[in-house]
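Below you'll find only one chain, the form predicted on its own, shown as structure tokens.
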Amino acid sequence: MAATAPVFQHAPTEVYWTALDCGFPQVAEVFEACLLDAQARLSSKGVDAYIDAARTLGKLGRGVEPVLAFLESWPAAAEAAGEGALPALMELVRAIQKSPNGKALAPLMQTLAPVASRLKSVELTARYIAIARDLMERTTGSIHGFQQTQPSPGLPEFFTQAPLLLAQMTLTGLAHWVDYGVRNTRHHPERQQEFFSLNSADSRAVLQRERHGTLFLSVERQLDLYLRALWGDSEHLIPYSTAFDELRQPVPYYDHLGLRVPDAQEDARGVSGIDRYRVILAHMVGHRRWTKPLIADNYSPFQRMAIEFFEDCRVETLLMREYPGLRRLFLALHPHPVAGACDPEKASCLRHRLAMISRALLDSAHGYTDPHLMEFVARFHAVLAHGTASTREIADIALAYVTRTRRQSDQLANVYFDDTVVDYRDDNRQMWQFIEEGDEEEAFDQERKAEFKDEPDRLPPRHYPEWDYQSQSYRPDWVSVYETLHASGDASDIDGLLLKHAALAKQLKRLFDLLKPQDKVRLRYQEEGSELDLDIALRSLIDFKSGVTPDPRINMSHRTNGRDIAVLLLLDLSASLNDTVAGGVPGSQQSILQLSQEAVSLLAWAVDTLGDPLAIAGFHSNTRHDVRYQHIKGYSEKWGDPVKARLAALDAGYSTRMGAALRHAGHYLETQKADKKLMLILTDGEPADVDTADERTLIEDARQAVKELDTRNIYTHCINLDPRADEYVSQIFGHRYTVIDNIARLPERLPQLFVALTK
């Protein structure tokens, strides 16, 4: 028994201090308090191991910070995760000490307690330590151009961010996040440091992908349909991040740009993540439908808060009237404050009282007995008994409640917050109007207007992933695609090009006439149509003469039957199109861009005569942050001067990031109601961009984009003007490509290819 007893069991503080053998005065100042904390939380053996580990840290020669942080944090960490986690931790410490990563010891020890409070077991803590060690081994000395002694740039940042990361991800997600960061930044010290400190866009994007709970991106379409079907609201949904601010979590809100919702929702209080999203949207829809703005300047902050609580309950009551099933969700997510939980002698209880009456206004079984609360609940429901009431009426009730229940302690700086936050409600910014210059709403609007003042014609970017062939995984939200309407030129220039190819145009017209569907279907009972339906017209005339209301649907029209194809022509508008065509007409000095204009104009004119839906767009890129997608012709536009003017103004520049353009074009083509969907890509070179050194990267990404389009039943075909295209184009499109060696024949070949692909 004596052999297994702790060495220092029941020993006085001086014995432990002697065993620690530490000469740092900063440690001496706090040692007694740390020891008392350890003795309260740890077993006797655990205290012995604690002192032994601290002595080891003090002898490493890394300064006072690691041993001081360990002494302060380990008791709480061991209580949360288990004393058995210490051996694995000290193994990691020894590995760090043998490497050039000594600076990582301090953040490792400083974050022990919050990390352990997330993990809560020896096994999970051991997995966390294994992830950290893997990161260290893969990034230490592996940076291109440095010796083996180079420390890991990302390891200290990883330890610093670990508590926040583990609050958002499981350990499996953390391992994926670390693996992605190592693979993509191991040869770039600055990028690695940015990634592991959560300062880079791709770091945050991967974190969003790996987060637990219901991700907005996974349910965006369902929420959009829910909004449209149940509430008749088609407002744009915009997610905001909840992963990077633990001190002040943002809340939902709406403005003229759309409805802002969290990027992820966990299941809570028996309500699934997607149902929590539905409750948030329902609440904001209620405000958009029934809330009218009030002038805020003459109200105190307390009065405004009371009005917001009462108005929130009004719109939720009206929502539950329309869809009673919402009652269960509202009551499950609304806190149920305990009467008397707030002591007015110690804190401001205004929020507590408002949360109580908010619960009582929604829940008839609230259980409260306060006479003032019961009186105003009755007044609230009396106002709503015979209609929807108004924001002004509810504000009067709220102000009366504040006046009746006001206490001197409401002014205390210490505000009682427990069970008072209703997290599905928006921040009510649209409920208030401000008269004075510089107030909150005006400042907010000015800031928002500034976002787009430089380029008012640009929409906010749409983000797309990009395929990383080395890791066989996507880089999430890697590419930003900006779409605009192409600038216009002189439409008569295109008329001149068509006149130049008049003979070819006649041939194409005969060819396209043969493709036109010959069988027609008659559509009767039309109020507007191409001709009169005599049978129906006579019957309506007889009804009219007889004094009966005639049927106004006396016309009919026709539609062709047998050809159902939608086409999107995607033009590569990179700088290489400005090159002069080799082997062209001597002295003409025509560029590839000019020949492309001629070919596209002929094709657009011919397809218009055929009647197939056709859209034309161009693209080029200036790094992954700026891929420009320009609309030249929309599906609903006819071949006319506006389209000709945009074609006449075609301009070439920058690079060719094809994968993102293919994905964005597929986004539009997919919405067409057609049996066959064809995307034609006209390009003169391989995918490339200035921020990508590996030539294969963008080729593989374009190949993956084509695969994605295949799964959506979109047929792609590439027309390539590069004589060397066979070397790479087959890797992207398989056998679905055509190389035009003689570029001068492009105006003739492009319409012929279209015929061959669609006949």
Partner chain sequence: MINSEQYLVHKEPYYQPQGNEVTLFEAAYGARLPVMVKGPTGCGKSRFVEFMAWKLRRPLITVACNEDMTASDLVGRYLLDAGGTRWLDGPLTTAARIGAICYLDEIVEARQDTTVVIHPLTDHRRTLPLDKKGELVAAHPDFQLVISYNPGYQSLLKDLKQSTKQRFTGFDFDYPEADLEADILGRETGIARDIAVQLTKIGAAGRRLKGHGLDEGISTRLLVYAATLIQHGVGARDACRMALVRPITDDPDIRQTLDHAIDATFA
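Numbering follows the first chain given and starts at 1. Bear in mind that the values here come from a model prediction, so they are computed numbers and not experimental data. Rigid core here is just the name for the largest C-alpha set that superposes within 1.5 Å across the two forms.
This protein has a second form, the form predicted together with the partner chain, left out of what is shown; the following refers to that one.
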Quiz item: Since exactly one of Arg510, Lys292, His372, Arg228 fits, which has a heavy atom within 4.5 Å of the partner chain in the model of the complex?
Solution: Arg228
Quiz item: Which of these residues, Ser99, Gln526, Ser390, Thr160, gets a heavy atom within 4.5 Å of the partner chain in the model of the complex?
Solution: Gln526
Self-check item: in the model of the complex, Glu266 touching the partner chain (heavy atom, 4.5 Å)
Solution: no
Exercise. Give a yes/no on whether Gln249 approaches the partner chain to within 4.5 Å in the model of the complex, heavy atoms considered.
Key: no
Practice problem: Using the partner position in the model of the complex, report whether Arg183 sits within 4.5 Å of the partner chain, counting heavy atoms only. | Solution: no
Quiz item: Could you tell me if Pro550 has a non-hydrogen atom within 4.5 Å of the partner chain in the model of the complex?
Solution: yes
Quiz item: Among 486-494, 362-370, 272-280, 254-262, which stretch has residues with heavy atoms no more than 4.5 Å from the partner chain in the model of the complex?
Solution: 272-280
Self-check item: Contact set, 61-81 vs the partner chain in the model of the complex - heavy atom within 4.5 angstroms
Solution: none
Quiz item: Core-aligned, does Val421 move its Cα 2 Å or more between the shown form and the other one?
Solution: no
Self-check item: Shift of Tyr635 between the shown form and the other one at or above 2 Å (CA, core fit)
Solution: yes
Quiz item: Any chance the CA of Asp551 moves 2 angstroms or more between the shown form and the other one, core superposed?
Solution: yes
